[in-house]
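A single chain, nothing else alongside it, follows as structure tokens in the form predicted on its own.
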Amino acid sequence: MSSYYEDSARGRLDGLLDPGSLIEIVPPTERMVSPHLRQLDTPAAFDDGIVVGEGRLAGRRVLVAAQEGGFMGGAVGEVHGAKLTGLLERALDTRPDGVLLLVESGGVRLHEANAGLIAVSEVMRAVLAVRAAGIPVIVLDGGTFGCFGGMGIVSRLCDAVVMSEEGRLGLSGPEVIETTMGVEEFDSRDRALVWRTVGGKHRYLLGEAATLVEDDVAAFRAAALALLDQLSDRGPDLSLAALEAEHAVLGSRLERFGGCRDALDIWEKLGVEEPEKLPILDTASFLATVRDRRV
């Protein structure tokens, strides 16, 4: 077993794709670094914290992007975002079997302010264009830094999200909530609270993650393959009716769980017996326990 959580962006791609199939686009040798960081006398990375390229997944041709949490928490800047947008636009031209986004990001890179915000908005638009063209876009989320901010929104714009228990997904990160609302509202140092609020198990129960897998690169690979098959068969529904149905589901969820103060309360309302035990279950036991309990 190779831990997805502990691996680097390139390490994850090496384990995910068919051996030797990755062809990196704009590799570090091209020295495409952020112009803004240099002006601020801030260390830069030759790949600006993201690996983009094309490869094979069990023979299927896929485009891939993997954010490197080890560089500025995977935050999106101008060059970082341009590489991701360019990859998605390439999908419209080359028509791969799918696009895989290995997300790990705290959101927009504050050092780059408006440039980062614009970059994320362009990524959002590109994701929707690729989906509208019938090309599946799948998110893999299980990294050390989680996925928050603009990339959290990007993830939920995609066709499906695969998470491990260790993955985290949300809009505002725990530290942002604590800073804005106070520690009484949310204690970002309470790891149990953080994981049961934005972690993979909770996101799976809410229906926001399509699949929950072990912290293993091979498990993420298998889940991505299965989703490619499913999504290729039925394609996306981007109609107004589908959008209205999604809004109705969200409204129902808010009405049902809006008064809950903790994920434990939500799990209890879902009919889970002894919800306090869910965090300590391994993935297989968890899935067996919550069968038919998802939103």
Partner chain sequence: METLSFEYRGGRSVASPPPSVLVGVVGSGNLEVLVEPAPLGGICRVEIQTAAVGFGTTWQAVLDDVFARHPLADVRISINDVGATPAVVSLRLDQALDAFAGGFQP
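Predicted model only: the values in this text are computed from it and were never measured. Positions refer to the first chain, counted from 1.
Below, we refer to the form predicted in complex with the partner chain, which is not included among the displayed structures.
With a 4.5 Å cutoff on heavy atoms, Ala45 counts as touching the partner chain in the predicted complex. Although the partner is absent here, Arg61 sits far enough away that none of its heavy atoms falls within 4.5 Å of the partner chain in the predicted complex. Interface membership of Arg31, defined by any non-hydrogen atom within 4.5 Å of the partner chain in the predicted complex, is confirmed. Although the partner is absent from this view, Lys277 stays clear of the partner chain in the predicted complex, with no non-hydrogen atom inside 4.5 angstroms.
Proximity to the partner chain in the predicted complex holds for none of Glu214, Lys269 and Arg293, with the criterion being a heavy atom within 4.5 Å. Shown here without the partner chain, the chain has no residue in 194-221 lying with a heavy atom within 4.5 Å of that partner in the predicted complex.
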